[in-house]
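Starting off, we have a lone chain in the form predicted on its own, written out as structure tokens.
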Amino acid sequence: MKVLILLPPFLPVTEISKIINQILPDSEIVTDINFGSKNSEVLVATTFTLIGKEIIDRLPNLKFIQIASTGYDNVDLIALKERGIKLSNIPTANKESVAEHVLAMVLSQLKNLMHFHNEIVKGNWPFLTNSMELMGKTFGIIGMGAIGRKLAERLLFFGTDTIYYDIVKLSEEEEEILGVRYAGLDEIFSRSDIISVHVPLTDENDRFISKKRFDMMKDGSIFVNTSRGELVDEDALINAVKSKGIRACIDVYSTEPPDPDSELFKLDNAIFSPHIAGVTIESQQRFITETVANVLKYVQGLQPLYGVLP
């Protein structure tokens, strides 16, 4: 079964090729979307490439797509359904990385690390601080999938009051193990000292974190987004940081790379990273391993894990 692997050129393609060719010898790796027509039955891609109808139509024998990432909003699901093509993602490989990134950003905000760094670099020596502890804070998690659960596990050791919202409520046993309590979105936004978003992007939740939601938040609370930029009304976020002192921790943007002249990057109360929360040496190794394993399952006639489309 022929496998086509479509990678962005900035990845270590040579190293990845060595690993892939040992396990999937009947595979071809390309780094240019203008690869022409192929007779491959399996396509492996990342979220860095838009997998639209144009690319799908160049693969007339395509039966299965494996996205080497948690998200798959770069894939034209309608085109896949029309052709009956299966789709899988890898939703668990970066859960530790993202959970740690969220905590790093939150602790940096609570401890005013960016401010102190800048002051010392400028030759100042601050004597006073309004730093706060994470212990005892109400931490709201929106989305209790693999990443949300991993974050909740880590928060157990910080002594937070952790509440969560998800379209699927956990069992009482799961809630007890994770030390969390279910709450509606209104309660999440109005009660939380810190809110972290961990949901996939869909047509239904585009910009669902709107001015209405930010208006509910406590003045000076912390908002973290490591999911997708399109979940948030960016203008409303900018206004909330300015008017309510919301402290933002942003890893994802509606346009990537974002406009460097955006008003967002002129805010003092914000920390930014380049959509890299889930990218660590360890997580990338897991992505490669789990992606190859899932493709092997399909090639061998087994049901792949994490099926998005049957």
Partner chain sequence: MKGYEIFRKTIEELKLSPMFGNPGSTEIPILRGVGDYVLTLHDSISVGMADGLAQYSGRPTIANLHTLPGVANSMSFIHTARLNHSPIIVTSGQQDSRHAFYEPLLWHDLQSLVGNAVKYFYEVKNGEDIERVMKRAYSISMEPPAGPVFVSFPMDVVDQDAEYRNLPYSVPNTELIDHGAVEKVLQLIMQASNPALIAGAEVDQFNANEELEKFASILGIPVYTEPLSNRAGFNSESMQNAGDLPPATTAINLALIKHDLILNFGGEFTLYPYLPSPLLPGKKVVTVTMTPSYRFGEYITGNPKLFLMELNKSAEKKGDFVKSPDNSLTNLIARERRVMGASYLLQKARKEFSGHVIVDEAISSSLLVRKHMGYSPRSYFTAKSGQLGWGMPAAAGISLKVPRVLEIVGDGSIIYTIQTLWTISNYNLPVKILVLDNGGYTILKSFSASFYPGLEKAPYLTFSNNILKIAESFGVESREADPDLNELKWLSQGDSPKLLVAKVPKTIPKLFI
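Positions refer to the first chain, counted from 1. Keep in mind the model is a prediction, meaning the values are calculated, not measured.
Keep in mind the form predicted in complex with its partner chain is missing from the figure; the text below concerns it.
Though the partner is left out of this view, Pro25 does reach within 4.5 Å of its partner chain in the model of the complex, counting heavy atoms only. By the criterion of a heavy atom within 4.5 Å, Leu309 is excluded from the residues contacting its partner chain in the model of the complex. Although the partner is absent here, Phe157 is a contact residue: one of its heavy atoms lies within 4.5 angstroms of its partner chain in the model of the complex. Heavy atoms of Val299 reach within 4.5 Å of its partner chain in the model of the complex, making it an interface residue. Stretch 172-180 is the contacting one of 172-180, 123-131, 103-111, 140-148, since its residues have non-hydrogen atoms within 4.5 Å of its partner chain in the model of the complex.
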